[in-house]
Structure formats: structure tokens, C-alpha cells
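Quick setup: one chain, the form predicted on its own, written in C-alpha cells, and binding and motion questions come after.
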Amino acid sequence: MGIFKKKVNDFPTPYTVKAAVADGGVDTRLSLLVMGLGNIMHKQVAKGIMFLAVEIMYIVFMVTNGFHCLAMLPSLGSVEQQEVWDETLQIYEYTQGDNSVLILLYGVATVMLTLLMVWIWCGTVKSGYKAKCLEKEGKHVNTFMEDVKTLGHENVHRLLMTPSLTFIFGLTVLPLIFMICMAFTNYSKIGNHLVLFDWVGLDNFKALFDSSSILGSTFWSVLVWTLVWAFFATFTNYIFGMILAIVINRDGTKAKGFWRFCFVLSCAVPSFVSLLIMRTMLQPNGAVNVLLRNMGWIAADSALPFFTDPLWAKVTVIVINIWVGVPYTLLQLTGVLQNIPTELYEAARVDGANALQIFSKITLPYMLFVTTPYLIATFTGNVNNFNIIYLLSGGDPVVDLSSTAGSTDLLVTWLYKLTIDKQYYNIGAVIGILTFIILAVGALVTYRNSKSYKDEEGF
């Protein structure tokens, strides 16, 4: 089965815009220009007036602000703020200049509003055409109140989904498009483009993919480490959590509730507290190195380089992530283990299978089948696992002073440093886009090729 399926229309209807243009009367065709006219002409006055009001509000907005926002979008502004000396007041006054960030934001918002208006326009044309067809066929045409009542029954999904979609588009889609646009500008502290900036096309992508430059070499090293980290952080937690879950759930284990309580108790401690404590303990003069010195295991003037050597730091963050994450994995896999049918184990024992064969033929395939979506989500979360790295190592150690990333920096922590600390917003936007592409493609391909998707009736 391919990744992409043939598109299926989930809302089939004979009342389309194309049919309205081809078969609708004069009133329907006029509703292409005057929204709601088709409804007004066919006993849906209140509904038609509401559509007309929406069109008027959009036109007023475009005349007063919208066209100006769209006109400024290609240039992103060019007028700088000026400092002018006022002889009368004997002070400097500042003239109003352009702000490219606001111009870009308002321009993107206007484009999205226009697309939303096109969608509403299509809906009004289809609504007017439907009213005309129903009246022509002698069928009942809903009044405004009857349409409102359908929101509590057959159209309840429209009532409940509309607020959610509004927030998604306003708080997720709009910022996402804004960030994508930013990747094609020179919005950065470099060249003093924090107020006024321009479109630069694919220059930021070229700079990031140029392995001969500092930025490009940093990107590739951070990308490789991010994937290595995500792999080990995901599967070490999964393997150790599975081992603990199997040991606790085996028939011969006593006081299973006590062992589970011990691991649940560790989950009650906020992870950031645990990480900050571990960070303090593993410093050159932290509790661990002091204890090792007092025990004579290391020299009095030396210390284990937990966060000062690149390799040690990478191993340290992976090991501590196991300590922090295994209890959560244990609890999740415990539920999976308890749902495996006992008849499978009994049949395997009757056939003479040993413990290793039972695990490899029943337990492991079942757990992988059920937890594949969980593994994909965990891998994705670990690629963006900001807390572990930032709170534990802070991305250190930094071995190349010209680089903007440390040895343990992930893409997400590097992005944070580039935007918050360095104010390289354009490069940060490019990294955000690449991270999204890597995660989306990886998760989609992995899941569509997993047994959880291909063989839902496997167990």
C-alpha cells in the first residue's frame, strides 16, 4: 500500500460551485458577486443577510487596512526611524519608521483571511444554489432557525469543531506560516536587520547546507547528534522499561505492588528538579567527584569529565535520561503486558516452548505491534527534548569557540540559542522548518510501514 491514498470526498454533495455556475439562474450567478443574494431570493433572508454582512466587513477591512498590508508585503518596508532635533523643545524626536516584523505578520494574516473568505464565498454560493434547487423541486427550504437547530443534531460536528479549528488556525497555523516566511528573510542581528529586513530567497538554506562554513558544519554535526540521541534515548528507555516490566510481572516475583510503587514514586518528583540536582552533583567539584576523591578512586586534583568532555557528556545525558524516563516506560509497558492473552502463553508451554522462545515469538512481537505509535511519538519527542539537554548540560561542552552550538546541543536547543541568545531569527526559522520536515517524513514513513498500520487485526 502506498503512502498516499486516493482522495475521498467526505462531504459529497450535488450543490457545488461548478454546478451553481453552470446550472444556476441569474440570482445564483449574481450571488458570486453579492454574497447571500441566492439565499435572500429563496426564502432564506436572515441567512443571506448574514452572508452579505460578512462580505461587507471583509471589503471594509481590505479598503482600510488589507490592501495596504498586501502592498507592503513584497518590500517588507523601507522607511527607517529617524532622529530629528527639535529646536523649540531642545530634544531629539523620533519619526515613525517601518517595522518589517509587523508588516510580515499583518501581510500573512491578511492572506490567510482572504483564503478564509474564499472558503466562505464558496459556501455561500453552494448554499444559495441548494436553496434554489430545493425550491424548484418543491421541497422544504430550511428557515434560519431550522438551520440553527441542525447544529444540535446532524451538524453538531460543525458547531463543536469550528471553535477548535479557529484556535488552531490562529495560534498554530498562522505562527507556523509566519515562521516559514521568516526563513526566507535576513531577519537577524547580523547586518542590523532586527527592525527592517528584506526577502533573501534561499540564501539561508544555502548557508546552512554549506558544510565548508561554520554554520553549515555546526548544522550537520548537531543533526547527526540529534538523531543519535533520539535513537538511544528512545530505545534504551524502551528496552530497560520492558525488562523491568517483565521482571515485575513474572509469576515468581513477590510484592509486585511494592516494586511498582517504588518506580511510581520517582515519577512524582518533577523531572527538572531531578535534572538540576544531577547537574550539580556531576560538576568537577560536585558530590560525585568529591566522593570518588575521598574514596581514593581518583586523584585528589582530578575529576571525571561528566560535562567537560564531549564524549563523556553525550554518554552522561543518555544515561541520566534512562534514569529519568524508565519509570514512565515501565508503567506503560506494564499495561501492555497485562493485556497479552494468557491462552497464547499456555499454548506455547504445551508445545514445549522455552522462556526465550515465548519472549521472541509472543511477548516482543505483541509489544512492538501495540507500541509502535508510542515509539514513533517518543522518538519525535526526544528529537525535541529541550528539557533534558538544556537543564542538564546546557549544550556544553563547547569545543569550537566560533560555533554557536555545544557538543550536546540538539536542533531544538541550538534553535533556542540562535533565536534567544544570538538573535539569528532567520537561521532559527530554517532549522525549525528542517526539524519539522525530518520528523514529519520520518514519522509518516515509519508508521505507514509498521504492522500497527498494515495489519490491524494481527493480534
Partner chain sequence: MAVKKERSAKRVRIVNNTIVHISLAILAVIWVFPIAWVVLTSFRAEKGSYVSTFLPQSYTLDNYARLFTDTTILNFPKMFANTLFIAICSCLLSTFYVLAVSYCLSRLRFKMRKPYMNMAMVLGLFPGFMSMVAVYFILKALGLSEGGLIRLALVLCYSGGAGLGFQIAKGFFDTIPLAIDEAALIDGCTRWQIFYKITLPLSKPVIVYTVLTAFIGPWVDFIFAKVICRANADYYTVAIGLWRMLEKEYIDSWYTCFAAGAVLISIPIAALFLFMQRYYVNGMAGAVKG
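Under this definition, the rigid core comprises the largest set of C-alpha atoms superposing within 1.5 Å between the forms. Positions refer to the first chain, counted from 1. Owing to the predicted nature of the structure, the values given are computational and were not obtained by experimental measurement.
Although not depicted, the form predicted in complex with its partner chain is the subject of the following passage.
Participant: From the list Tyr328, Trp199, Tyr345, Phe209, which entry has a heavy atom within 4.5 Å of its partner chain in the predicted complex?
Facilitator: The option sitting close enough to the partner is Tyr328.
Participant: From the list Ser266, Gln357, Gln81, Thr143, which entry has a heavy atom within 4.5 Å of its partner chain in the predicted complex?
Facilitator: That would be Ser266.
Participant: Picking from 210-218, 307-315, 86-94, 244-252, which part of the chain touches its partner chain in the predicted complex when contact means heavy atoms within 4.5 Å?
Facilitator: Single hit among the candidates: 244-252.
Participant: Although its partner chain is absent from this view, report whether Ala22 comes within 4.5 Å of it in the predicted complex, heavy atoms only.
Facilitator: Outside the cut-off, so no.
Participant: Ser302: heavy atom within 4.5 Å of its partner chain in the predicted complex?
Facilitator: The answer is no: Ser302 has no heavy atom within 4.5 Å of its partner chain.
Participant: Are any of the heavy atoms in Met278 no more than 4.5 Å from a heavy atom of its partner chain in the predicted complex?
Facilitator: The answer is yes: Met278 has a heavy atom within 4.5 Å of its partner chain.
Participant: Does Val370 reach its partner chain in the predicted complex if we count a contact as any heavy atom within 4.5 Å?
Facilitator: The answer is yes: Val370 has a heavy atom within 4.5 Å of its partner chain.
Participant: Which residues in 272-298 have a heavy atom within 4.5 Å of its partner chain in the predicted complex?
Facilitator: The stretch 272-298, when checked against its partner chain in the predicted complex, contributes Phe272, Val273, Leu276, Ile277, Met278, Thr280, Met281, Gln283, Asn285, Gly286, Ala287, Val290, Leu291, Asn294 at the 4.5 Å heavy-atom cut-off.
Participant: So, does Ala287 move by 2 Å or more at the CA between the shown form and the other one, with the core held fixed?
Facilitator: Comparing forms between the shown form and the other one, the Ala287 CA shifts at least 2 Å.
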